[in-house]
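First, one chain by itself: the form predicted alone, in C-alpha cells.
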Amino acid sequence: MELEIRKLVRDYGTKRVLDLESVTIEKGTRTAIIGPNGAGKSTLLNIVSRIDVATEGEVVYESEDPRLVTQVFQQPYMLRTSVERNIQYPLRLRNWPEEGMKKRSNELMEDLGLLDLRHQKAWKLSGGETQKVALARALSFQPSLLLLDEPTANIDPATTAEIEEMLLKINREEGTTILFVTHNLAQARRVCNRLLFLDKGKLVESGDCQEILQNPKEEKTRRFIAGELLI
C-alpha cells in the first residue's frame, strides 16, 4: 500500500506536535521513523492508522479499505484466550474458513517460534512472547500496511532478531509496506530501506536509510545520529 501525507497538522490545545508538508510512503518499502522524544513519531503513526485524527491535512491511501491497515504497539493487549485463538481472532472477524485460518496461524506460529505455546494463556506470556503473538495476530489477515511503534523496545536480543527476520520475510514474500517507529538506529539499519527523521513535529530529512545513517545531509540529523541531545 502506498500512502501520501499532505499538509498534515496535529495540535493538542495550543501545542503543535506535528506539522508535515508532504511525505510519500511508497508501496512495498520498509520505512523507519526516527527522532528525539516529542518529535511526533507516534502521533504520525496513530494518524496513519486512524487511531488519531489530524487537525489539518490528510493521509491519502492507495486503498481506502481500513481492514488492510494494522498496528503493533509497544505494549500490546492480549485477549484472555490461547495464543492460537489470539492470532486467529482477526480471521474470525473476517469469516475466514476454518481450514484457511488454521493454515495461516500455523505458518505464522512456526515462523515466530510459537508452535509450542499455541495452547498457552496469551495474557500470561513473557514480554517477548507477547510481542511475537501481537505481530502474528497483526499479520494474520495479510495486511497491505503494517505499522509498528517501538515493538522491540523492552525485549531480549534473540526475540528482537526473530521479529526483525519476520518483518523482512513478510515484506519480501507478501509485499507488505512497513512503517516503523524506532529509537534504535542499528535496528533501522538492519530492517529498513527508507528513513524519515522528525524533530519537533517537522520532517528534517528523508530518503535512503543507509545513506542517511552513513552520510546525513542535514546538520540536525548528523547531531542526532551522533548521539547528541536535541533541545
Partner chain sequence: MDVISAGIAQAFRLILSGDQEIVGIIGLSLFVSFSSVILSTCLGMPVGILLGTHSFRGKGVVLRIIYTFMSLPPVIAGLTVFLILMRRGPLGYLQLNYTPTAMIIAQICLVTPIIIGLIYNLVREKAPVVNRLGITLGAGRLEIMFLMIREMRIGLTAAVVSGFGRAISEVGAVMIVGGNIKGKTRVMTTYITELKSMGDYSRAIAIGIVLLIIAFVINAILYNFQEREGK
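Positions refer to the first chain, counted from 1. The structure displayed is predicted, hence computed values, not measured ones.
Absent from the display: the form predicted in complex with the partner chain. The rest refers to it.
Looking at 111-119, 154-162, 136-144, 98-106, the stretch with residues near the partner chain in the predicted bound form, meaning non-hydrogen atoms within 4.5 angstroms, turns out to be 136-144. For the candidate set V204, V191, I47, V69, a heavy atom within 4.5 Å of the partner chain in the predicted bound form is found for exactly one residue, namely V69.
Contact check for L185: every heavy atom lies farther than 4.5 Å from the partner chain in the predicted bound form.
Although the partner is absent from this view, S82 stays clear of the partner chain in the predicted bound form, with no non-hydrogen atom inside 4.5 angstroms.
Residue contact check for I51: one or more of its heavy atoms lie within 4.5 Å of the partner chain in the predicted bound form.
Although the partner chain is not shown here, in the predicted bound form the stretch 72-94 places heavy atoms of F73, Q75, Y77, M78, L79, R80, Y89, P90, L93, R94 within 4.5 Å of it, in sequence order.
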